[in-house]
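Below you will find one chain, with nothing else, as structure tokens; this is the form predicted alone, and questions on how it binds or moves follow later.
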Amino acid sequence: MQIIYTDVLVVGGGLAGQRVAIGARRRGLDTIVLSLVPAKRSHSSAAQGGMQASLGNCLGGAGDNEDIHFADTVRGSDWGADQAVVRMFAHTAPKAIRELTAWGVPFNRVASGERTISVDGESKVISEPDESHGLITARNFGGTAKWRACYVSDGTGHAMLYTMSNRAIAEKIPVHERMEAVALICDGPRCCGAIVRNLMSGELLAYVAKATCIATGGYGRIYRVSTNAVINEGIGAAIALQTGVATLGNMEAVQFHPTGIFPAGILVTEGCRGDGGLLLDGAGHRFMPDYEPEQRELASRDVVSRRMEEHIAAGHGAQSRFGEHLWLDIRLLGEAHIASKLREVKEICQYFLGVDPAQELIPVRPAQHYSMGGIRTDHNGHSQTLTGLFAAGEAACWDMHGFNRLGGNSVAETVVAGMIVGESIADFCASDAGALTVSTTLVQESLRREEGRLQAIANSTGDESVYELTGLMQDTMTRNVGIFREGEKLQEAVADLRSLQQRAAAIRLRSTARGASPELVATYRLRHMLRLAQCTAYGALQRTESRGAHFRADFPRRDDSQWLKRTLARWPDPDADTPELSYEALDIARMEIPPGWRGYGERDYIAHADSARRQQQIDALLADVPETDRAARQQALMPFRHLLPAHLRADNQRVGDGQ
């Protein structure tokens, strides 16, 4: 048995994982990153449209600041987010993007003078100021009051990930590729590392670490049609759930992106609509203004996706041999704009559809896109129940997205959370709590347990196919736990998933040869995925309200009086067929913005009794604070800077602030 010792073990080689590793390494800690694939092939590279940060450089972003970004994010979350975490995020995002720029990310820049843009279907000439020339520019995204999605054409994630990976190489951080963490090593409520499988040789190894950080992305592949990479199966969150100690938060909060190309589900960026693209129905009618006259195509993703599906259900979809869909029209942006700023969209449409988007309409329909749920952590990214376990990025419920994420906030979160969690891990390792004494006996027992599980799969004499069961799980989730949910279908999903969990115990491998064994990998991953799917379906069944991306057709109102709380899921009994759920109340008395109308979507919600009381407190607190003193007003409502590492607390500078 090989045991590898390190201070910090980061599971996941995408943007969040590598930024965590860089932060820990810079504090002098031995750090190792595990990655399923070569790090530069991580799913972070698929992010297209932009990274949100309130720089306020371009004309569309003029006047932007942390307060506006904070408010947009809180409203976008449908008041499900931790507002202190949102403040930490909005404050740090400009610092993160400037750090990335210094490292070499070639963000698009403001060009002073006149240029033509498309607004509401019409061309408009604007003039960028001379003082902003050469600064990082931004594009419009849904659910935001200002243009703040900083971008590299439509290959933002690709450029960021390559730069981040190069930085990690410069920091001499080892990345162990094609390695998969299959279980956490735990000494009671203390995480001590992970049991890891070499995907090429099949060998099991033990990595022992003072701190372990899960940064493995989301669990979108529990659905049939997803914009996620095939490796986004949620295994990082699942092995935390498997401990019976760590909790997952808000697993029912699953986002569907409005514009997955039909029928493949491959993403075309929100930047298409941010740059002026329109959604059309089967008759060529632009329908979003009929539903959302103010935000139109740029309402938040949960709202646009629901409106699209409602429009199709009303008989207004376009027909194809694959089914019904709608159209995305970016022809009005022009060939030059598409070729320069939406070039990946153009290539995707050409390669997968045989469509030239500069000349033809793009067939689109909502597809599963993002997981707001994940490993529940505190504001430091530390598990609240399993000491030594951290999480960052989409694998975490930090919780800055609540029940709906705004476009561009996830790419920003990977880097911001990485900056903060890397420092938190270093502080933890330097503290008494970070000291680790673990016996080789415990490590050996953990490794033998996982060897036994894998051998049991290989020796199974059942008659089930892993690929058939995976397809049935994905069909169940897509059919019953999708954009629109209702009690009877959710009960059906829970029952079907229970049955699939039982059947998964009888999967038989067609080959038991030693080595890579993709069928073995698919089998142990499916068992994990079924538990994540059950947490999602069971949590959705219990939440009898609609909030953000969780929409119950039988309970269509947001109910703050009963459901202003976060769902927590644990699985302490390995033989149980459903998780244990508990709930974590959101404290309105600590909120800077008490629950209200989001500014788009339905105005109909059941208010919490404390909302009006908190608003009265806010009015009283601000009565004697000058409106021009933003920092003092914010500090009076909800102090947050003390939660940040000291070097991230300073104010951000912007054009025209006189600094």
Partner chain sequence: MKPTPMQTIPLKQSRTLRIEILRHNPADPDSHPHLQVFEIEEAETMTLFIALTEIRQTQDASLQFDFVCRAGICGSCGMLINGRPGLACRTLTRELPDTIRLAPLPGFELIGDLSVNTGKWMRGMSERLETWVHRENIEAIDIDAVEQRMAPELAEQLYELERCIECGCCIAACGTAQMHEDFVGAAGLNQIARFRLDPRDTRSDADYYELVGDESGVFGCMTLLGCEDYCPKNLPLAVQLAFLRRKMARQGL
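Positions refer to the first chain, counted from 1. Just so you know, these numbers come straight off a predicted model, no measurement behind them.
Heads up, the form predicted together with its partner chain isn't pictured, but that's what we're talking about next.
The stretch that touches its partner chain in the predicted complex, counting heavy atoms within 4.5 Å, is 226-234, out of 540-548, 226-234, 287-295, 431-439. Three-residue candidate spot I4, I68 and E423; no residue lies within 4.5 angstroms of its partner chain in the predicted complex by any non-hydrogen atom. Its partner chain in the predicted complex is approached by R514, whose closest heavy atom lies within 4.5 angstroms of it.
Contact check for H133: a non-hydrogen atom falls within 4.5 Å of its partner chain in the predicted complex.
Of the heavy atoms in R633, none are within 4.5 Å of its partner chain in the predicted complex.
Contact between I266 and its partner chain in the predicted complex is found at the 4.5 Å heavy atom cutoff.
Put simply, of Y162, F555, F484, Y583 only one has a heavy atom within 4.5 Å of its partner chain in the predicted complex, and it is Y162.
Residue in contact with its partner chain in the predicted complex (any heavy atom within 4.5 Å), chosen from G155, G276, G317, P579: G155. Of all the residues from 98-128, those having a non-hydrogen atom no more than 4.5 Å from its partner chain in the predicted complex are R98, E99, T101, A102, W103, G104, V105, P106, F107, N108, R109, V110, A111.
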